Structures are given as structure tokens and as C-alpha cells.
Ligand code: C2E
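Take a look at this one chain, the form predicted on its own, written out in C-alpha cells.
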Amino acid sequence: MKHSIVKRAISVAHRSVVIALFGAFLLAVAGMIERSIFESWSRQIDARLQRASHIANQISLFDERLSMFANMAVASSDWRWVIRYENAAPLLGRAIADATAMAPDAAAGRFATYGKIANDATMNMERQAMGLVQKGQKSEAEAILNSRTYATEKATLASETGRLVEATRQSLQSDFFSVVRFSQLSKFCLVLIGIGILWAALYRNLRRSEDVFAEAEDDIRYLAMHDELTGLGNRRSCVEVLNDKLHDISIAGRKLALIAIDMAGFRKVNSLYGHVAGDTILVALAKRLRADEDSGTSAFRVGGDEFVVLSEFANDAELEDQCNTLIRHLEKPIAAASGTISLNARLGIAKAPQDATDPQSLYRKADIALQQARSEQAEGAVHYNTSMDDRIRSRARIETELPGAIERGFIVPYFQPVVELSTGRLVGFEALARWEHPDQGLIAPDAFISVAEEAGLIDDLFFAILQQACANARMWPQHLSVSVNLSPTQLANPNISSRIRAIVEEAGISPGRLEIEITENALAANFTSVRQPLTDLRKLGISIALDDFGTGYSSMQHLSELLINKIKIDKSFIRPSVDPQQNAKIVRSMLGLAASLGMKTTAEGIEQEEQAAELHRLGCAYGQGYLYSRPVSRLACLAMIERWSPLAARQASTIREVG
């Protein structure tokens, strides 16, 4: 994924929230504007209502004043009231004009027809009465002002004025209601528009969010079904595809092979050159597997360096060709930053429907075949057979019985002599674990050492063998040493040196008589972590021997910094081979290296006198193998020490065994 799905989803949510807040802000602003307009219009209408009421009061007031001035002028015959009358008359006219201007057209027209006529008639009669008073005809003037016609016209004016004002008020109220309705409608429209805009924006973001989560779901599913490094399907994907293929072959009548692949040597390369080189190798292997895929095959990565190929085939010959092609492609050298690396491919094969018809059983049986290929170090493909299940059950039984065997002392050391090649003198013994099983007899360590390591029992086993070996060494002559193999998994234990010291002190032997053997592969894989424990053992006076030398990847730095005392040349370089001269060159270089570092050497696996003589000639100090003796029990070891003849050891020409 280019970007974090979570970040993208949060970004979409942030945008949605911002849009919602912005929409709410716009609605609030629009509402405030609408409210301001509504209040402005309301104030204007209210002001007009107040003005209409004020004008109506003025009309009534001015009309009453004119009537009063006219009556006073008639009653007192004082010309000053006439002047007042004439001054007030225009005020009434202006008030009537204002009222008419504010009124609706219909009301203004009616007032012009009735009210204005009544007002004009009233003012004419009042002026006529005041004119008669000036002529001295007071009684006639009073008659006019007291006449029914004058009263009727005054009433008509008042009625029409009230009608005009009421029409104006109703018109303004109608305008107010229109404003209210407009306000409500505008609010409704604003809300609808705001909701519409907000929904459109949110809908778009929600669709975008849906797309993001759909993409995330696809990515999650892809990650759940594929290996991130190589892009191949993972174990879960393998099971799904295997289900489908098993269903298909049951219909089509073809056969299916589950090929489990392990690349021997990958873990060494990974520990030596780092995970970057390891990842480069895995990616290259995945590309090769993907290039070999066709319509009938599928490749998966199910573990660190474990791959699985599902392949449909018609017959065993076709399957054999497919396996050979796989091995040939996978074992091609791989270019990495640390150099060109070559690995060996081991294949375990289970076939359907021959071996199994369900995914779990087929996968389990292919894994059993792969375990067999590992244990046999087979170069080709190993096909599952039922006898392998017997070995698995035997291994399970060993795992169940092993803790009790260690606790009861059924696992004991057997001792193989180490001889000085120049003199034939006995210099010590290597303690090798053997299981004296009450039912199955003597069980070799290959059957239970790996089980002890996987079950976490290797510490108990090692200390039990070490304790017995030291106790037996106490009964030997003081010049004889005893060596014990230390498992690679124990080197990471920071307390290993203190435990070994306690056992040596308890046995009562000199630490110089004990030799601890570690494999070269264990040294190379755990150099940083084993440095301190081995240094502590050296400080105690315990010797350190590098076992299986020549099969691992140790460097000069490893050998010099850890102060290794002895190098044990692996028996694969001693036994007869197709190229003995090449082996001789390798052994010669090992011996030269040991001599330059001031280390002693022991050759393992000597079975012939010629081998012993040649090793002595090349400069090897000690030898060990069936030429001198097989590993023997503690009682046979004591007998061997008593009967040992250096001359016989040098001249032995056949394999002898002390029982």
C-alpha cells in the first residue's frame, strides 16, 4: 500500500467534518442575514403602523380643532378664532394627504370619494358660518353649525378616516405576514439548500471513504493471502487453492502433487550475511517459482525458506520431470551483495488421491517426506510412503519417553578413545550419549538429540552426560582427558560456564582434563553470543575444541578471538572419496592453519591404518575412529585403559572393538 489506509480514512473523515462545520457556518451566516432582513422589514412595517396611527390621531385632532375654532368664532364673534381656523385648516389637509398616501389604492380612492368630500363640505359650512358671524348674522351661523347636515358630514369624515386608517393597518399587517412567510420560506429554503450542499459534499466524501475502505479490504485480503516479501501466496492461500484443486481433480480424473520445498544452507547464509542477503535469495527463488507456473501449477511461500508447489500431473514420469525442473531452476547460483550463493533444494512430495484426499493430510504427509529428505540430506525428491509415519510415531514416542529417561539415568555416556598418532598413546576419551532403552536396546544419539533440542531438554541431557563423564574420569589416570559435546542451542545460555564449573568441582577432577566440543556451524552462527561463555570456560582452564571443522563458515577472527585449543577435522574429509587428492589438499590446509594458530588437531573417523599413517605424516597430532575402538560403556572403558598397548594401537590393521 502506497499510503496508510488508516491515514487516508482519517483524512476523509477530517474533510467530512470540515465540510459539515463549513456547511453549518454557512447556514448560520445565512440565518443571521435572513434574521437581519426580517427585523429590518419588521421595524419598517411597525414604524409605518405607528405613523398611520399618528396620522389618524392628527386628523381627528385637527378636525376637532377646526370645529372648536369655528364654534368659538361663531359664539364669540372674535375674528382671532377665524385666523386660528385658517391657520389650522392646512394641517388637516396635509394629514389627510399623508393618510391617503399611506393607504392602499382602494381605500385611498374611497376616501377621496367620500371622506374628502365630507371634509370639504364641513369646512365650507364652517367658513360660511364664520362669514355670517362677520356680517352679524350669528343665529344663522349657529344654525349651520348645529344643523343635521353639518353633523352628518362630520360623522362621515370621522367614519371614512377610521376606515382609511383601518385599511392601512390591515395592509401593513398583510405586509408583515408576507414578511413572516417570506422569512419562514427563506429559512426553509436555506435549510434545504444547506442540507443539499452538505449532503452532496458528504456523500462524495462518504463514497471516497467507501472506496478507501474497499481498497483497504482488498489490500488486507491480499496481505492475508500473500507473502509480503515475495508476493507468492501464503499458507492460508495454499489451503484454499488446494481445496479447489482437490475438488477439480476428483472431477477431471487427474492427479495432484503437493511438493514441499526446503532450501538447505539458507539459514547459514542468513546468519552469516544478514537478513538483506536472505531476503534477496527468497525474492530470487520466488521469481523462479513464479516463472515455472502454468495453468496446472501454483507456488506458495509457507515459511522462512519453505515453499510449496501444487502441481497437476498425469503420470509419475511427468511429475518426475516437473521435480527435476524445479530442482534445476532453484539450485542455480543467486547473485547477492555478498557474492554468488548456491543452495540445495530438498523436495518432499505427497500425491492425491494416492496418499490423501483432504488438504490437511496431504500437507502433513508432504511435510513428513520433506523431513525425511532433510534427515537423509537427499539431493532429489523424496516421495511419501507409509513407513515414514512409523518414523514419526517413533520420534513422538522418543519425545514422550525422553524426560523420564534423562531423569532415571537411562541416557549414559559411551567413551571413544583419542590416540596420539605419533606414539599410539591413549590421551583421552570423547563422551558420546547413548540411550540404554529397556525395550529397544541401545539408541544412537541421532534419534534423540534433535528431539531434546526441540523439546527444551538439551540442557538436562548435556548436564547429565557431563556429570557422568566427569565422575568416570575421576577413576581414570590423571593424564587422560574427557571431552563432551555442547549443543549449539546451549551457547546462548549466559550461565553455561558457571554450571559446567560447578559440575567439574563436584566431580573432583582438574578443569584441565575437561574438553568442551562445539560445532563450527554453532560458532559461526552465534559468534557474538558465544564469545563470553567460551572465554569464561578458558579462564577456568577448560579446553575448547572446534568439532566438524571444515563443514562450516568460521573465520580466522573466530578462531583467534575465542582462543580455540583444538581443531577436530570432520570425518567426511578422512573417509575414502572419489577424489582423495583433493581431500588430502583440504586436510593439509587445515593442518597448516591449525599449526599457524598454535592449535592441536584431531582427525575423526579413522578406520584404516593407512589413514592414520598419512595423517601423522601430514602433521595431525591425534586420531579417533573405529580403527582404535567404537564407543564403549564405562566398564569397558576401564578395561580398555588397563589393556591399552601403544604399540598395538600403532600397528592395528583391523577395526577392533572393546566390549
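The structure presented is a predicted model; accordingly, all values stated were derived computationally and were not measured. Quick note: we count residues from 1 along the sequence shown, nothing fancier.
The same protein also has a form predicted in complex with the ligand, omitted here; what follows describes it.
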{"property": "Distance check, R434 to the ligand in the model of the complex, heavy atom within 4.5 Å", "result": "yes"}
{"property": "Exercise: L426 in contact with the ligand in the model of the complex, heavy atom 4.5 Å", "result": "no"}
{"property": "Proximity of M263 to the ligand in the model of the complex, heavy atoms at 4.5 Å", "result": "no"}
{"property": "The ligand contact at D305 in the model of the complex, heavy atom, 4.5 Å", "result": "no"}
{"property": "Listed residue that, although the ligand is not shown, lies within 4.5 Å of it in the model of the complex (heavy atoms), from S487, Q468, S209, N71", "result": "S487"}
{"property": "Interface residue in the model of the complex among L457, A121, I449, M225, criterion: non-hydrogen atom within 4.5 angstroms of the ligand", "result": "I449"}
{"property": "All of L461, K571 and I606 within 4.5 Å of the ligand in the model of the complex, heavy atom check", "result": "yes"}
{"property": "Contact segment among 24-32, 620-628, 594-602, 54-62, judged by heavy atoms lying within 4.5 Å of the ligand in the model of the complex", "result": "620-628"}
{"property": "In the model of the complex, residues of 407-430 near the ligand [heavy atom within 4.5 Å]", "result": "Q416, E430"}
